[in-house]
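Coming up is one lone chain in structure tokens, specifically the form predicted on its own.
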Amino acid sequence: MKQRLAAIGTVETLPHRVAAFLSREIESGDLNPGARLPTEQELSEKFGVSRNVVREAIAQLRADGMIEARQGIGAFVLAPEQRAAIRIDREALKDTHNMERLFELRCILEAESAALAAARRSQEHLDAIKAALDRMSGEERWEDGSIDADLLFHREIARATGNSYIHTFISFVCEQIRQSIHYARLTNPLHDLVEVNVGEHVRIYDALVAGNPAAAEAAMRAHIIGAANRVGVRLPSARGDHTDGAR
């Protein structure tokens, strides 16, 4: 264990590495909800790091809402439903199945968000969404700045729902897929990728302008499925595949 941590991280990254290792043990069930974490001394010996490193790692897990510290007793693993924070391990997203689950979540959240936005959007909302779209299709379309504009487009749609919780959740998820956009730009012909991606966003925007919830939902769903395909992820099924067209 000592050699493993030394090989994958410098001193500055050790707290993060220890926290990431423990979080994977929690997510996998090796550390069950209610279980008490080993003491600082035990973890220090296990990982071959100082107690200060362990302390920082524990603080990070606590901030992420994965554990609860009880004074004089120790730190205990919280069940998912008890956690006060949402956390997604970006290392875990290197696994195709986990990325598939994240895109499936996006599809559910963002398709419904687009439908609500189409029904509730104001001209101010449309102007903000259009500004992000213009950045995506303008001079920045070949640069990384277009990724910021892409994510802003989605956040502004979430804002247009008028529901701050939707905006918070989608803003969080957007940051998790930033690397997948980078990957898509590296693994697809850039010109074709940009043209297809912008076209999908234009269709979403047009549906929002028209105030058509069904069209906005369908356009967003098609975009998320397309975005998943471009990074080698195939969503299990579109809604119609398992509902026979029923809604």
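Just so it is clear, the structure is predicted and the values come from calculations on it, not from any experiment. One rule holds for the numbers: they count along the sequence shown, beginning at 1. We call the rigid core the largest set of C-alpha positions that still match within 1.5 Å between the two forms.
The discussion below concerns the form predicted together with the DNA, not included here.
Novice: Of R62, K46, R203, R178, which residue is found within 4.5 angstroms of the DNA in the predicted bound form when only non-hydrogen atoms are counted?
Specialist: Partner contact (heavy atom, 4.5 Å) among the options: R62.
Novice: I'd like to know whether I225 contacts the DNA in the predicted bound form, with contact meaning heavy atoms within 4.5 angstroms.
Specialist: Although the DNA is absent here, I225 would stay clear of it in the predicted bound form, with no heavy atoms inside 4.5 Å.
Novice: Can any non-hydrogen atom of V53 be found within 4.5 angstroms of the DNA in the predicted bound form?
Specialist: Answer yes; at least one heavy atom of V53 falls within 4.5 Å of the DNA in the predicted bound form.
Novice: Even though the partner isn't displayed, in the predicted bound form is A210 close enough to the DNA, meaning a heavy atom within 4.5 Å?
Specialist: So A210 does not count as contacting the DNA.
Novice: State yes or no: in the predicted bound form, is some non-hydrogen atom of E27 no more than 4.5 angstroms from a non-hydrogen atom of the DNA?
Specialist: E27 lies outside the contact set for the DNA.
Novice: Only one of 146 to 154, 168 to 176, 129 to 137, 67 to 75 gets a heavy atom within 4.5 Å of the DNA in the predicted bound form; which is it?
Specialist: Stretch 67 to 75 is the one.
Novice: Which of the residues spanning 17 to 40 lie within 4.5 Å of the DNA in the predicted bound form, based on heavy atoms?
Specialist: Heavy-atom contacts to the DNA in the predicted bound form: R36, P38, T39, E40.
Novice: Is V18 one of the residues whose Cα moves 2 Å or more between this form and the one not shown, with the core superposed?
Specialist: Yes.
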